[in-house]
Structure formats: C-alpha cells, structure tokens
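Shown below, as structure tokens, is a lone chain in the form predicted alone; questions about how it binds or moves come after it.
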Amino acid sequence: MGKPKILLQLDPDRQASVFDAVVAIDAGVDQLLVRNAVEVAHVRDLVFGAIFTRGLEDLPRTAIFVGGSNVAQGESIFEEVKRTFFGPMRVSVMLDANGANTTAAAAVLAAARHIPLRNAIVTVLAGTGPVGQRVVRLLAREGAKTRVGSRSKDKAQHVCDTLTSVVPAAMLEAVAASTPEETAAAIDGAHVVIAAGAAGIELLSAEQRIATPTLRVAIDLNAVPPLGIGGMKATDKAQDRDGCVCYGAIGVGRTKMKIHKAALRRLFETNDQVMDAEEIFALGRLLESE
C-alpha cells in the first residue's frame, strides 16, 4: 500500500470553499490540506512544501487543486503553480475556480449529446463571464459557430479577439444581448442556446425560446430563481419543452459532479498532469463514452 493521497487545496477566498473540500473527500483523497486567502506571492512556498517532502517515486500521491470563487485570481494562482515546477519536481494540478471548468465541460457535453457541434450555430448568453468564456472556448475547439452574447458588445468582441488568438480557427461573433430585441436577434437561427449568467437573472424568456424554431437544445446554468431561461426547471435533464431539449443547472450539475470527482482521481495517476478546461472536457468526453 502506497503513501496516502494528499491534495493541497489553494483558495484565494478568506473562507475556503467547503464545496470543493467535500468533493475532494468524496473523490477518495486521503488527506486534504486547505489553504485560504492564498495570494500569488504565497504560491512558491506552498508548492515547494508539496514537492520537496516526498521522493520522486511518491510525487504522484500528491496533487494541487486551485479553487475559490474568483476565477481571475484562481487563474493567476494556477499559472504561478505551473511556473514553480521545474524538472521532475512537480505534481499534478487542476484549476476549477468557481466550478467554471467542470460546469462548462458538462454544458458543452450536454449539447453534444443531441446535435453535432461542428458548424452548429450556438449562442452563449453572458458569454463574457467566467463560465461563459470557457463554454465559448470549448465550443470553438469543437468547431461550432459561436455567438458570444453580452450586455456590452465591446466586451463580447474582446472575448472573441482573445479566444481567436488562442484558437485561430474559431468561428466567433460578438452579439449584444441587453434588450429583448437584441436577445431575439442573438438567438435567431441558433441551434443551441446556453445561458451562463449570474444567479437570479433571466437572460432569455420562455416566449423568446419558443419563438425560435431552429433551437434544438437549451441549457441554463443558473439554479436560482428566476432562472436564466424562462419556462424551464433547474432539474431539467434532456426534458422536451416545446420541441426543444432542455437542461437546467441541476440537470447539468450531475455530469459536472461526475467530471469533478473523476478529474480529482485522475490527478493521482501521474505527477505531471495539468488540468484546465480542455483537459477536463476531454476527460468528460471519455466518461460519456464509457
């Protein structure tokens, strides 16, 4: 029997996420070390503590999870963790601040169950938020024609420009979605709509959804009333509503949790894995095929 599996949870929040800690324990971690209020300046010493305490043969039994509610801070910590590694002195690391990566992966996989994403027209409402940007990023890599919706078209265009520099073949279009008229135009002709907005804000009414005959899949990632897409339930999972396959946040959440736990377990297979949105999505796809 090998040494215990240790997960170091780095969280920039003053109160570290209990949710992330519970998922880690349920995923089979033996020892969970939680550090809160983590700043980039703290990362090097925390990582050194993780990699210098075990021999090379035991490093796969240690891993790092970067969480917290602030995705931008999480990304900065994640990048600093990777920069701290050198040579064989490294452990596997996963980023899922605010659940953005696992939620985005689950949403895109849900859509892919019902429609080939390559060349499909997909509108992502609140596509400039942390989850929305990752949904757009994954859709771009799948070859979807993605409309990035935002109250500010300039912000949407900035996301499009940024992602195109990462995914040169991305087919992205910035669209305004601050009024009912703009939202209707943003989803006109779309095959899929994904609402990735903040809790308690309706982005698309039931009437607008029903009035878009091309829509085959609607996915809402907000579980707090009012929901992001009207006329749906948070528990919807492949529920037919007016000829459209609908997923609510809880319906998607089951897949998200499955991916989250599987990703944590994957961290302990080797000591050199880096799990960001794309790697987490690939794992989710593998789970779908099993």
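Start at 1 with the first residue shown and count on from there. Note that the structure is a prediction, hence the values are computed from the model and not measured.
As for the form predicted together with another copy of the chain, it is not shown, yet the points below apply to it.
Another copy of the chain is not shown here, but in the model of the complex it comes within 4.5 Å of a heavy atom of residue 3. In the model of the complex, another copy of the chain sits beyond 4.5 Å of every heavy atom of residue 277. Under a 4.5 angstroms non-hydrogen atom cutoff, another copy of the chain in the model of the complex has residue 8 among its neighbouring residues. Of the heavy atoms in residue 241, none are within 4.5 Å of another copy of the chain in the model of the complex. Residues of 24-52 placing a heavy atom within 4.5 Å of another copy of the chain in the model of the complex, in sequence order: 25, 26, 29, 30, 31, 32, 33, 34, 35, 36, 37, 38, 42, 46, 49, 50, 52.
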